[in-house]
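Below you will find one chain, with nothing else, as structure tokens; this is the form predicted on its own, and questions on how it binds or moves follow later.
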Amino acid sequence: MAVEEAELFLKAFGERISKLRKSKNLSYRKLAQRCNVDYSDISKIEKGLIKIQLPTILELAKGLDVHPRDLFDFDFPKN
């Protein structure tokens, strides 16, 4: 995966997290309280600034009360 493609994927993933968080009326801090992810990292994830690992995906899903697969429900072009 090219660097540019990876960056686009991280941004699309972050936008999905942001959309889910806002749909549940959660602030960064409220979401952080519901999962084991620092609120400042949630902001960075939503902006596509950091790479995350599978345990973080699980924590975000728990905090958002969704299945982990729902975090990946966004359009992304396949090459």
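In this text, all values refer to a predicted model and were calculated from it rather than measured experimentally. In this text, residue numbers run from 1 along the sequence as written.
The following text describes the form predicted in complex with the DNA, which does not appear among the structures shown.
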Item checked: Any non-hydrogen atom of Arg16 within 4.5 angstroms of the DNA in the model of the complex -> no
Checklist line | Lys47: touches the DNA in the model of the complex, heavy atom cutoff 4.5 angstroms | finding: yes
Notebook entry, point to check: According to a 4.5 angstroms non-hydrogen atom cut-off, is Arg34 in contact with the DNA in the model of the complex?
Noted result: no
Next item on the list: Between 39-59 and the DNA in the model of the complex, list the residues on our side with a heavy atom within 4.5 Å.
Entry: Tyr39, Ser40, Asp41, Ser43, Lys44, Lys47, Leu49, Ile50, Lys51, Ile52, Gln53, Thr56
